[in-house]
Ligand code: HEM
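One chain follows as structure tokens, the form predicted on its own.
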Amino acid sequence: MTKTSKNPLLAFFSSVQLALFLLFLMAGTSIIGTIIPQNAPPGRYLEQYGAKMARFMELLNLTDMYNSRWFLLLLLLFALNLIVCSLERIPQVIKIIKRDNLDTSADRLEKMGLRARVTLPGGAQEGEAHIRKVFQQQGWKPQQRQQKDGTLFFAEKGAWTRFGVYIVHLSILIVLLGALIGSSTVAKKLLRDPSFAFKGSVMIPESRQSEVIYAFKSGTPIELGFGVRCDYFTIEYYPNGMPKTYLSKVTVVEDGAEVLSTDIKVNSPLTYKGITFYQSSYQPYQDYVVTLQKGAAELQTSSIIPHSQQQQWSEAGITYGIINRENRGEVTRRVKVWLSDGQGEPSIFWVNLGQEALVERPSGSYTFQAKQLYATGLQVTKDPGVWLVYGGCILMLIGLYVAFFMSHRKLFAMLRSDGSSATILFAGSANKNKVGFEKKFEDLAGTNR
């Protein structure tokens, strides 16, 4: 009988070699994507790699690799390979599970790797009682069928575990689906809706709010559907001037109402309506947030003022301004303040940013405090496929556990009786963890007693 030749295209997409090649290719490109900073400003690539290399990386989309068309094509090929491979092999697994094991001959039992023979006094009835007791003590539920050689008893556990590898396949497909759904390229090119999934950033100065963010690379504005206001930004520095910690206090404003206020800091993002805001950077300005208080909070004002510009607090009859500053790079350490109430010589003093200065004037005492104005830099992402990715990862762990630590175990018992004694041939098999099943088989067959 001639063997039917397999379709070459089907053979290609169902081959393990293709799966290994695609895995190797995706792993290699992922390493490249880890080494090359993703979605950085174009100037950074020019500075770090030079004009020619920066242009080459731009052509291959290596600066936004995980949203590139060629990487998404790799994912689709890998998904197609898994689907075809699984659909081709699952019918064979179903056939194994549905096999009529009670049709197994005594000769085949004699050839199994695990077998043990037990002889008992009495007839077939005593032998059957012994078999059922042995099976049921270990939680096995036997079936039986009369054969020409005797009575065959059979029980199995974990037949479904043969699908463990296909659970892993399904989990990978779910993860890939989540990655595609969360891709900004899919949102723009296929769905024609850039707001469906995106990655971008926004710089919001203190006391300001923004209703849009700007997509990485293209800089396209994307409407959020609500506003994010930066109420306050604070930063701490090491003695050498390097930033130590920083955070932003932000408020979400929707339809003119303040919905929530929270702190955003590194590794502690804000998520609202499926959009996540990460603290990623900051920008110091050469403007200052000044707070003035007269007496015991009789009057108080707060305003943003530039350097070298006179300000007036009309309610208290005060004029003031910052006339000098001490900087380390773009960061101001302290400022020199001029303050007058129109009575006598003005007060001129230095004050460290973030600290209070008490100024005594003929019109009363004043508390002066200043801080440098900052803009918070937020990285903003909307990934509607993230829960599919999380669910796929959990399912993958389950599938891996089933595939590596569970097995399909079968136990047979052939009973023969001559009226005065009963001979029982126990036999068993497992598709995985055969050493562990051997010990279990010895317990079942009673050969280790």
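For clarity, a rigid core is taken as the largest C-alpha set superposing within 1.5 Å between two forms. The model shown is predicted, which means the values in this text are computed figures rather than measured ones. The numbering used is simple: start at 1 and walk along the sequence shown.
Keep in mind that the form predicted in complex with protoporphyrin IX containing FE (HEM) is missing from the display, and what follows is about it.
The candidate site formed by Ile174, Lys189 and Tyr390 is entirely out of contact with protoporphyrin IX containing FE (HEM) in the predicted complex, as no residue has a non-hydrogen atom within 4.5 angstroms of it. Of the listed positions (Tyr214, Tyr166, Tyr278, Tyr288), a single one reaches within 4.5 angstroms of protoporphyrin IX containing FE (HEM) by any non-hydrogen atom in the predicted complex, namely Tyr166.
Of the residues Phe196, Trp313, Phe78, Phe135, just one reaches protoporphyrin IX containing FE (HEM) in the predicted complex with a heavy atom at 4.5 Å or closer; this is Phe78.
The stretch among 225-233, 82-90, 335-343, 371-379 whose residues place heavy atoms within 4.5 Å of protoporphyrin IX containing FE (HEM) in the predicted complex is 82-90. At a distance threshold of 4.5 angstroms between non-hydrogen atoms, Ser15 is in contact with protoporphyrin IX containing FE (HEM) in the predicted complex.
When contacts are judged by a 4.5 Å heavy atom cut-off, Lys432 counts as touching protoporphyrin IX containing FE (HEM) in the predicted complex. Protoporphyrin IX containing FE (HEM) in the predicted complex comes within 4.5 Å of no heavy atom belonging to Tyr49. Contact check for Phe56: every heavy atom lies farther than 4.5 Å from protoporphyrin IX containing FE (HEM) in the predicted complex.
Residue Leu400 is the only one in 376-401 with at least one heavy atom within 4.5 Å of protoporphyrin IX containing FE (HEM) in the predicted complex. Taking the rigid core as fixed, one finds a CA shift for Asn433 smaller than 2 Å between the shown form and the other one. Ala403: CA moves less than 2 Å between the shown form and the other one after rigid-core fitting.
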